[in-house]
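Before any questions on how it binds or moves, here is one chain, the form predicted on its own, in structure tokens.
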């Protein structure tokens, strides 16, 4: 049983209540939550209304479980744990990567540079190593912690490392951003209590023979001391299987998501023990709903002092990051990224610690539109959002420097290209594409409260929403269809219109205006994705970019397009998109928009553009950036 108070009790009040309840046969525990309220916890139900002052009781949760504070009923909205600038448990997927053990500064720095370059978010590395054999490498101790701290300063990555005893926990906390409790220590209750009192974020790994309930009870020890910054980790359990080091229990992810508010990450390195199995199991973990993955990476796995066979090589880590970008989008999330042209990092901080200009992002609609969701996922929750009435206004805000960036959709997998935005890219030559995002578009039917589907008379939606839900609309009879400017506006207009109205809109917008969601995923095809581009007036070509967008026009003679495409073919450059559009102001002349794999830094791509220019009457590079949709096989 949990009683949530509306203020913090002082020590005298706690002693008096504890004594009063003990006389009645109840043992209670007090936890100060968030510094604003005291929570009373008991494994047995007690008459709260008879014992506790009515002015104190905010909410009572009656639970028949021992993991009271870890239970989802305590925090139904879920917990987001912040490790430095990284949030675990939100809309994004987080990757924790690094060597099993810190062996030297050179080894860790080489790994940290790769983790940073390919998009990892938190650096891992063991300074204290509990090993099965007493003769195995036990770690560098405090010297390893010092190397981790230097890596954090050098590469801008928060670090997580393991505490192996209550005695070294404070030392680890002094150096690390997050304390790891290893599988062998999951039920080291004195250590759990110690990290609970230290108030540092904790990564709690599941024991090798532990049940999910055991894991949640271990977390309860930490929570009971007032530390709610706990991330669970599924790392495989011991079974009769011998072809892998452990059996990675992916069923634990949805089970934990249902039972607990705590975020959960998966460690496929320990879960399989084989580097070739790490990437497919990491993909599966994200597909199952994991909030992140934790993998081991080493510059020379064959020479590693610990867990070499399960450590990814650098190129394998790059592949993993690209695959997770795609998988996360498929399940309605996104890999946390820092790549918007290298100008405004996702975290709001550069590797060297400088603070760039706070992003101000223009987008279509208001909070709740798909564009606003993309803006937040691209730049973080603290971004300054600038709502716009139409796409032209988005471009105008960027060009006038009222916005640092703009977010506009360019194409959808069901309805195709949004041609007006292709034209705006040319109309505003000061703008460049500096990034892209894909978002899965799930359209839902929201109705004004009390309106039944058979009494629906007016339906609001953005034209794209109507186009994506054609089969659903065919089933409606006698319903007036009204186009609006954005997904968010559709929900707002429904709330304003009143009974008899509904909308095709997003989850967020339907909830924002208090509507009833009566049908989910009403789009014609579940593979409904929209590609958004990020535009800015600042543009810096980088060698790590692997996608370029450009537009060109050709002379009108037989074979002109064939010859232009040969420029790409002769260099083995893969085309990702080719689309023609009328050349505005030049009747019966056409522009060709092309996306291709490459960058603007390497010589072969510069030569490509030089030759393409000689064959074109018009050529403009629209930008280079990271390809956000590329599953490697």
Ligand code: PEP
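Residue numbers count along the first chain shown, from 1. Not measured: the values here are computed from a predicted model.
FYI, the form predicted together with phosphoenolpyruvate (PEP) isn't displayed, but the following is about it.
The candidate stretches are 80 to 88, 291 to 299, 419 to 427, 461 to 469, and the one lying within 4.5 Å of phosphoenolpyruvate (PEP) in the predicted complex by heavy atoms is 291 to 299. With the partner omitted from this view, the residue of 550, 386, 183, 140 that lies near phosphoenolpyruvate (PEP) in the predicted complex is 183 [heavy atom within 4.5 Å]. 270 is the sole member of 437, 545, 270, 121 with a non-hydrogen atom lying within 4.5 angstroms of phosphoenolpyruvate (PEP) in the predicted complex. In the predicted complex, phosphoenolpyruvate (PEP) sits within 4.5 Å of a heavy atom belonging to residue 129. When phosphoenolpyruvate (PEP) is considered in the predicted complex, residue 325 lies well away from it, no heavy atom lying within 4.5 Å. Within this chain, residue 377 is remote from the site of phosphoenolpyruvate (PEP) in the predicted complex, having no heavy atom within 4.5 Å. The closest non-hydrogen atom of residue 489 lies beyond 4.5 Å of phosphoenolpyruvate (PEP) in the predicted complex. Residues are counted as partner-facing when one of their heavy atoms sits within 4.5 Å of phosphoenolpyruvate (PEP) in the predicted complex; in 81 to 102 only 100 qualifies.
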